[in-house]
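What follows is a single chain, given as C-alpha cells, in the form predicted on its own.
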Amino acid sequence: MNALKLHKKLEENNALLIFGILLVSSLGGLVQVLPSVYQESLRTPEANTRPYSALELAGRDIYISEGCSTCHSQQIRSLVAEVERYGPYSRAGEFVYDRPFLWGSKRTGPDLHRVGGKYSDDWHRIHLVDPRSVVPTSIMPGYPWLAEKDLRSDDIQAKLRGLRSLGHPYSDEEIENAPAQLEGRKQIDALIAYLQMLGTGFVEPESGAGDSSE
C-alpha cells in the first residue's frame, strides 16, 4: 500500500515526477558510461595504429564535411557475415586517435573500415568523381568538385597542436612540416589518403598466434 501511495504522489506531483525521471536516467547513464571510462582497451592503440598524418587528417575533415558517414559506417561487428564480407571485425584500439568517432549506424553504402589498400588511388579518384563509371549499380553521388578545390593548409598546424594537447603523439617536427604535406594538393588527394589508411591500424595475427576470437 505504501508503494502505491508513493507512486500516486509521484504521478500527481510534477516536480517529484521530473526528479524521479532524472534520477533514474542519471543512474542508468552512469551504469552505461562509467565502465568505458576505466576500460583500458579504449585508450590503448593497437600495435600498428598510429595518429593520422596531416594529409590524412585533412581528408578525414573532408569526409566529415561531405557527410560520408551518413551512408557509410566504419564499424565491422564480430558476426560471421560481416567478417566474411568486410574483413576482420573492428577493435576498440583502432579508434583511439579518432575524434570524433565515425562508426556510423547506417549502411546505404558498404562499411569502409577495411577499405584501406583494397583499391588503388586511381580507382578511388574515378569512383569519387563518377561512381557509376566503376560501379554501374551505385547510387552514390559524384564529388567532382573535390578534384578541383585546393586543400587548405593554413589551419593544419593548429589542428595538430589541439590533438597533441589531447594526447596524440605529434612531434614538433611533424607539426612544423604539416603545411608542406598539403601544399599544391587537391581535396580529393586528402580524401583518398584518408580512405587508404582506414583499417590499416590492425594486423590480423597469424593462425595459431593466440587469437581464437573468430
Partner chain sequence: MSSEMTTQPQYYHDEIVKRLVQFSVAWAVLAMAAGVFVAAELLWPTLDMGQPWLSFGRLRPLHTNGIIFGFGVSALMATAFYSVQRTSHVPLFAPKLAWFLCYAWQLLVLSGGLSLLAGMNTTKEYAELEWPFDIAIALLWVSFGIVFFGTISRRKIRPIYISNWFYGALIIVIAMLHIVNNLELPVTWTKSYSLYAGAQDAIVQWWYGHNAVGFLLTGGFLGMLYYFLPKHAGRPIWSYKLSVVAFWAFTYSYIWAGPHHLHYNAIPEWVQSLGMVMSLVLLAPSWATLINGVMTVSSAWEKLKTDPALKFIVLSLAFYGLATFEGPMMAIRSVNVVSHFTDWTIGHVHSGALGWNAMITYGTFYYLMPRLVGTELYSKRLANVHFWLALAGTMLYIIAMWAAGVSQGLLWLSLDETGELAFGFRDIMSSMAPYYGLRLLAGLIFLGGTLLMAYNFYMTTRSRKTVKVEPPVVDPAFGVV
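Quick caveat, the model's predicted, so the values are computed rather than measured. Positions refer to the first chain, counted from 1. Whichever C-alpha set is largest while still superposing within 1.5 Å between the two forms counts as the rigid core.
Only in words, not in the display: the form predicted in complex with its partner chain, which the text now covers.
Highlighted residues Thr49, Asp172 and Tyr194: none comes within 4.5 Å of its partner chain in the predicted bound form, counting any heavy atom. Although the partner is absent here, Lys186 lies well away from its partner chain in the predicted bound form, with no heavy atom inside 4.5 Å.
None of the heavy atoms of Ala180 is located within 4.5 Å of its partner chain in the predicted bound form. In the predicted bound form, its partner chain sits within 4.5 Å of a heavy atom of Ser69. Not displayed here, its partner chain is kept clear of Ala147 by more than 4.5 Å at the level of heavy atoms in the predicted bound form. If you take 88 to 126 and check each residue for a heavy atom within 4.5 Å of its partner chain in the predicted bound form, you get Ser90, Arg91, Ala92, Phe95, Val96, Asp98, Arg99, Pro100, Phe101, Leu102, Trp103, Gly104, Ser105, Lys106, Arg107, Thr108, Gly109, Pro110, in sequence order. With the core held fixed between this form and the one not shown, Thr200 has its Cα displaced by under 2 Å.
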